[in-house]
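There is one chain below, alone, in structure tokens, taken in the form predicted alone.
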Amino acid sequence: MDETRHILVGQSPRTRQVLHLIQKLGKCRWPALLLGETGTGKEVVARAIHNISAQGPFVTIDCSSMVGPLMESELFGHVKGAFTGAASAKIGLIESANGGTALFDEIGELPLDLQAKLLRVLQEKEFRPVGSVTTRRSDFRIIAATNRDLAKEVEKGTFRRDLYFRLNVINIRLAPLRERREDIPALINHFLARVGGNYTITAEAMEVLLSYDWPGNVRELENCIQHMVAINSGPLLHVADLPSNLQNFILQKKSQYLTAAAAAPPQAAPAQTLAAPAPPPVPDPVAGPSGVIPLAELERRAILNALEYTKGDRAIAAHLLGIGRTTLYRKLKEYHMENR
């Protein structure tokens, strides 16, 4: 197993807080509830907690993938002949986790009847395989993960209140990647180090990666880096190597900027009497006697427009202007606009 896959990467305040809680939880066996969007690294955190104690097996139970009548058998196992097709006895995932940690991933997908049976396991440390008349024991540390709001599910009646309180002893909320963009460069370096080959992201590509919102979070970022490496032998990875969803993002941003930068339709002039003469054109105060605006002034105005449109986001502004972020910083200093 590649242990580097189970390292929480980043030094943002929110990531440091999660790392601190991992250290605390790894030294005890309290139940933990991991909350966060899909792809934020809930299994990575669960494995990190388990690895600190390094006791027993780590068993992942994907509640969203177990459907139909065989779900109970997957969890609790069954005896031979318990149902059609049960040619031999089978040990369930709960028994496999005995002495270690069980991660119930997407626990909000677990049906109510199995929620009740899981609660009994957590309270009594015992269960009964399908078709068996005898009970067995399994003592494990439970970590539950979900992208749902379980408190709301309790109010709707789709999740048991008693199980919710049993699981929610300590909870960790994992922030989406768009709320901790400062972790993106470290994550990129981590993924590049894993594939090897001394790859480097160009400054322009990094600006795009920092500007994108990453709805798929860390998992989407990892897939993006793998795509770039797969189509480019390196060592430099460029904007052109980004996958189609980010290419669409770039085109969308450019289109929005061009639309906003285009001259707004002229406002209707106030009604004039026939005798009123047309007002003379107002000369641009920066234009010289010839009426030509200096190129430097046009550049300054373009930068101002871009920063205004992006609400001060210099990375996006630089990309929309077609220049590097370093060039933008130099221009801001040149035009005494560092505080913009």
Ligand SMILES: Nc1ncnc2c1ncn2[C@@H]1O[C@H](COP(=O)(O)OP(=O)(O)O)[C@@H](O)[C@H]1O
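Heads up: residue numbers just count along the shown sequence, starting at 1. The structure displayed is predicted, hence computed values, not measured ones.
One more form of this protein exists, namely the form predicted together with the named molecule; it is left out here, but the text below deals with it.
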Closest heavy atom of Glu43 to the named molecule in the predicted complex, within 4.5 Å or not? yes
Is there a heavy atom of Asn305 lying 4.5 Å or less from a heavy atom of the named molecule in the predicted complex? no
Asp139, heavy atom within 4.5 angstroms of the named molecule in the predicted complex: no
Is there a heavy atom of Glu222 no more than 4.5 Å from a heavy atom of the named molecule in the predicted complex? yes
So which of Val208, Val130, Ala97, Leu187 reaches within 4.5 angstroms of the named molecule in the predicted complex, heavy atom to heavy atom? Leu187
Counting any non-hydrogen atom inside 4.5 Å, which residue from Leu167, Leu192, Val218, Leu237 sits next to the named molecule in the predicted complex? Val218
At 4.5 Å between heavy atoms, only one of the stretches 295 to 303, 25 to 33, 43 to 51, 61 to 69 reaches the named molecule in the predicted complex; which one is it? 43 to 51
